[in-house]
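Read the single chain below, which is given as structure tokens and is the form predicted on its own.
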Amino acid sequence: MKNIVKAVMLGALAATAMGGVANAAGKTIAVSWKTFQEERWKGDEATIKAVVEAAGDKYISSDAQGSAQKQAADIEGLIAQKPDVIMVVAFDADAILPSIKKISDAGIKSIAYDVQFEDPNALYITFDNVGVGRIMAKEVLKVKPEGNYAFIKGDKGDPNATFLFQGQLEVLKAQMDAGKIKNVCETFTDGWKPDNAQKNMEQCLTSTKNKVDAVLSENDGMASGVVAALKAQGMAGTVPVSGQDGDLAAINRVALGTQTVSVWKDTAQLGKAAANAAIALADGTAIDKIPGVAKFNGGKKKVEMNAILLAPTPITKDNIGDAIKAGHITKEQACAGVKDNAACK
């Protein structure tokens, strides 16, 4: 797998080195990233850039650095460069809508990449985030079928935080209705930032006098903050914790036993699907004719969109070897400090 990716990237670099001839004849695909503070977005970009450039097209991008205001300005700058398609990873799904209208008014196609903004003209490409929430809850429920649950949700302005919570509640509803599971803490986390998640978890532990039996954290970065808060109270490894994104540090925590599950949304799979869709749109393919597209209206405003929803993979202590075999993480990275996991022997 690594050799294939390397070959694709080398091919893309070679095309760029040839005086820009391929780019001049091709299309331009732009991406407005919400932030590069999280590990996963760099992997997404590497895949998208490689696929776009290997097709002879041009890739341009901007980093909003976790600011809705900067992202709006970034998109205006991208529009000025007259790309054929702009992918947007929205920092704030509502605040971004005027910028998406500007993209459409300029005759440019738009893609909501991983984070939904509700615009009927855009293509939404992501993993099934309600499904991700279900997986998180199922894996934690296996370990802790009863007790006090804390919900450390993502940023309030990101609809994925709500989709994930929706999936979690679907799985836990019967146990909650029966009084076997109690929601003792529920909070959004500004910017999905680990330090904010740690503060939220610390406040939860204080308010419950450490009577927390399980934590549903909505991503791996926040899970690191949650585990740090638990560790300070001597509770890390005894309280199941969820996460998602397949961060390398998170997979190591899964192997160590301080995190129960990381739902791996293979960025190579998502990035490739998005890049190919962007190229197809740039070449004039109708949005509803792109392979894998189906109707989706699961957002806050129930706006019907064309969407591609990919299936995620849970990584637990029992299948860490699959992530190693796939080349997503090395055995050394996954197994650092681990003594009792079969994949690490």
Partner chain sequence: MSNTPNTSQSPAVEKEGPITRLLRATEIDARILGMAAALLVIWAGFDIYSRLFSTIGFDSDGLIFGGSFITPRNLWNLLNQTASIAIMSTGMLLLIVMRQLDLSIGSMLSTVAVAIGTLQVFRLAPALGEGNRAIWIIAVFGALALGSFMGWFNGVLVAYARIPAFIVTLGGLIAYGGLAWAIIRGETVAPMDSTFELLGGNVPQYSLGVFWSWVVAVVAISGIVYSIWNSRRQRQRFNFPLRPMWAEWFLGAAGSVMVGLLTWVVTIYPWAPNVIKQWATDHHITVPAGIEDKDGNAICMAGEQMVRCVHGYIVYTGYSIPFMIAVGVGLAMSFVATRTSFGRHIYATGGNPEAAELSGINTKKLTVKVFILMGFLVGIGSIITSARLNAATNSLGQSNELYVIAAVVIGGTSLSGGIGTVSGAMLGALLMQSLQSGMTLLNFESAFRDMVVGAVLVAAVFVDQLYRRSVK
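Small disclaimer: the values here were computed from a predicted structure and weren't measured. Residue numbers count along the first chain shown, from 1.
Heads up, the form predicted together with the partner chain isn't pictured, but that's what we're talking about next.
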* Between the options Lys138, Lys102, Lys199, Lys272, which residue brings a heavy atom to within 4.5 Å of the partner chain in the model of the complex? -> Lys199
* Quick one: from Pro98, Pro145, Pro120, Gly234, grab the residue that has a heavy atom within 4.5 Å of the partner chain in the model of the complex. => Gly234
* To do: Answer yes if any heavy atom of Asp94 is within 4.5 Å of a heavy atom of the partner chain in the model of the complex; otherwise answer no.
  => no
* To do: Find out whether any non-hydrogen atom of Lys180 is located within 4.5 angstroms of the partner chain in the model of the complex, and reply yes or no.
  => no
* So, in the model of the complex, is Gly225 in contact with the partner chain at a 4.5 angstroms heavy atom limit? -> yes
* Might Asn252 be said to contact the partner chain in the model of the complex, defining contact as any heavy atom within 4.5 Å? -> yes
* Structure fact -> Answer among 167 to 175, 208 to 216, 123 to 131, 84 to 92 for heavy atoms within 4.5 Å of the partner chain in the model of the complex: the stretch 208 to 216
* **Three-residue site Lys156, Phe188 and Asp195 fully in contact with the partner chain in the model of the complex at 4.5 Å by heavy atom** => yes
